[in-house]
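A single chain comes next, written as structure tokens; it is the form predicted on its own.
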């Protein structure tokens, strides 16, 4: 029983305390990491290691113990890797061997010092002359912890997942590399990284249901941001012509393999650019990141071959729908809504919502290779510039790969009169029952009245990009601590 093991370990802590030994000291300094030793000496011959006069100090978690009576083989892991240790009575002394046998358990964190040698099987090993307990673990690792597969435990207790499954740690190292590459790409193109507020007086920048909170000193309701868009566009007004932000946004929506209530988004805005310019920029960005991370633009994702080689296809929503459902359906609101009803779409009598969701239902999930889907209806694109040739549509695109949206971008609406009218139309949609709408933001309209340069902006879902380039099916695999239902 785990409770019995916990009691045994607590008794060991009591025993150490009675002997005047701190079970949680903080006075051991490693000289090397396991990765440094494996890199520097992993290929050395036994003779070369014998010639080394150096002793090395390492610290890490004990993950394996094999007791041979007068000696013990053990493995420790640190933040960089794993290495074997060998504790012998005639090298470390009987007291240290006895201490290890009586006190140290798998899961404890220890410090070791010693020289290096190779076993008969050629494994680099520390010949331990000194061992010290640094952290006594009270709870044992779960049964079958090595290769832990229980999804519930893995996500609720990510620390156990990271201990048990080295490949999980690699996913998060890859995630950080991807974010660094995005920064490098944008910084080299004169984009300026900024930070904008997380707490917003008005939930804006995306059609999403927000989380609400309250500020006592200001005596006002605030919202966790659903998107940084409106603040970044205020910076365009202020003269920052190329800005971007990478950070958390929050949406009070359901949980799924693709959705978490908090997620990471990168948004960028470029003055004197159009949505077509951003198609080229996003294509270049994705290719740069993928090729750097994977070394190729063709790779498998969950059994499907993905080809990122440019140029990427560009598809009109309206042209595609006309081909699939017919022009008559598109131009008859009654027939359009009937088509949406037949697909189980809750359109609320909103034409643009019906059009987009029919497209996603009929065609969106069939898109495999990267495709820019453009020409979104005006009533579902309240922040996007009207298309010059067809004012019922906007200069907006979404990037689809393997049936999922990875980016949303458009030429920005900078006409304050039109923007006010669009916000008013959103409120009318809310009256029809649409919960996820853009609220009226008078301060943003005031900013536009001071003059925002023509511009284009884009948002990219970082979590989904990491999923794609790590070949994992769920967003929970790329978030250290995903939100889960209560136990």
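In this text the structure is predicted, and so the values were computed from the model without any measurement. Positions refer to the first chain, counted from 1.
Missing here is the form predicted together with the RNA; even so, the following discussion is about that form.
From the list 45 to 53, 27 to 35, 444 to 452, 61 to 69, the contact stretch for the RNA in the predicted complex under a 4.5 Å heavy atom rule is 61 to 69.
The candidate spot formed by 8, 105 and 143 is fully in contact with the RNA in the predicted complex: every one of the three has a heavy atom within 4.5 Å. The partner is absent here, but in the predicted complex a heavy atom of 90, alone among 334, 300, 90, 219, sits within 4.5 Å of the RNA. Scanning 342, 388, 121, 188 against the RNA in the predicted complex with a 4.5 Å heavy atom cut-off leaves one residue, 121.
The closest non-hydrogen atom of residue 194 lies beyond 4.5 Å of the RNA in the predicted complex. Among residues of the shown chain, residue 242 is not one whose heavy atoms approach the RNA to within 4.5 Å in the predicted complex. Residue contact check for residue 475: one or more of its heavy atoms lie within 4.5 Å of the RNA in the predicted complex. Interface membership of residue 357, defined by any non-hydrogen atom within 4.5 Å of the RNA in the predicted complex, is confirmed. If you take 72 to 96 and check each residue for a heavy atom within 4.5 Å of the RNA in the predicted complex, you get 73, 75, 84, 86, 88, 89, 90, in sequence order.
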